[in-house]
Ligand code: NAD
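Consider the single chain below, provided in structure tokens and representing the form predicted on its own.
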């Protein structure tokens, strides 16, 4: 029997609720595959700040260091509640960015996947969706504007100012390019490189390195597209995309737009891969306004488990079955209130009921 240690970071808001359902699937997958998943729970995010005085406590760092992979729930509070936390300890700055930096999780995978059977969730017209949507956004996650030098102050004229730097070197670009080309070579062999080289010097270097790395992947066709044009085409013709690669801030924005195409970020899990360790998380926020009501859909949290099974533990067949089990619940006419529009012809169920139905479907697969 194989044994793996997984750090479980419940997070904030709806995090603990949807994590409970994800753990059900993780434990069942272990039983079905003669694998033991040792779950190591640790505080993380705003809740950790209030209980431990830090958003990413030392004990959590030690548990994550020990784990083979990390499963993380969404973090963050409402704007007003966030004001109760010092700026540098607010979850995104005090926990999330340090987590990425600690494990150098430079490659973020966000699948934008909407089979025809659940296409009704999308706000796009049926003729645009066609037979469904299936592409993946690969985002560089530990460089660029988010990790560059930051300076604030008052200038000689007495005016407040801010100066933030967008920084990349060729090695950072080359390694995410390699991941993108490798991914594209396993799919449709088409890679859309998203950039803004008509304005940004960083994109000029980005494109140069992309072309250099691309020489090792002659079978992959590269299509260069400006980020603003890409945003337009995602709405008008998302079916043209298969693998998209981009720098950190572009990826942050366009992957959220991908969630909009699906109809909700609640339908978008993600994987954040580093050289030695990965963490998996929903792409959406902690939704504190609906926390504790049992109406949040755990799809993206369970989908993150599916990605973990495949990408960290090579359990590809089981991952595929988890995806199918989740989609079968929607196909059977069930959904949670947070994903359902007024007047939609679905049977509303709770967060835990959705998880239980996924468990039943997976058990029978």
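The structure presented is a predicted model; accordingly, all values stated were derived computationally and were not measured. Positions refer to the first chain, counted from 1.
The protein also exists as the form predicted in complex with the ligand; that form is not presented, and the subsequent description refers to it.
Point to revise | the ligand in the predicted bound form reached by all of 24, 329 and 355, non-hydrogen atom within 4.5 Å | key: Looking in the predicted bound form, the three residues 24, 329 and 355 all stay beyond 4.5 Å of the ligand (heavy atoms).
Review point. Counting only non-hydrogen atoms and a 4.5 angstroms cut-off, does residue 92 reach the ligand in the predicted bound form?
Key: Taking the distances in the predicted bound form, the answer for residue 92 is yes, it comes within 4.5 Å of the ligand.
**Study point:** Interface membership of residue 296, the ligand in the predicted bound form, 4.5 Å heavy atom rule
**Key:** Residue 296: yes, in contact with the ligand in the predicted bound form.
Check your understanding: For residue 281, is any heavy atom within 4.5 Å of the ligand in the predicted bound form, or not?
Key -> Result yes; residue 281 sits at the interface with the ligand in the predicted bound form.
Practice item. Mark residue 175 yes when one of its heavy atoms lies within 4.5 Å of a heavy atom of the ligand in the predicted bound form, and no otherwise. Key: No, residue 175 stays farther than 4.5 Å from the ligand in the predicted bound form.
Exercise for review: Taking 4.5 Å between heavy atoms as the contact cutoff, choose which of 277, 196, 120, 100 touches the ligand in the predicted bound form.
Suggested key: Result of the distance check: 100.
Practice item. Answer with one of 210, 243, 77, 262: the residue that has a non-hydrogen atom within 4.5 Å of the ligand in the predicted bound form. Key: After the contact test, the surviving option is 77.
Review point. Quick one: which of 112 to 120, 155 to 163, 285 to 293, 182 to 190 gets within 4.5 Å of the ligand in the predicted bound form, going by heavy atoms?
Key: Every other range fails; the passing one is 285 to 293.
Review point. Mind listing which residues of 24 to 58 have a heavy atom within 4.5 Å of the ligand in the predicted bound form?
Key: None of them.
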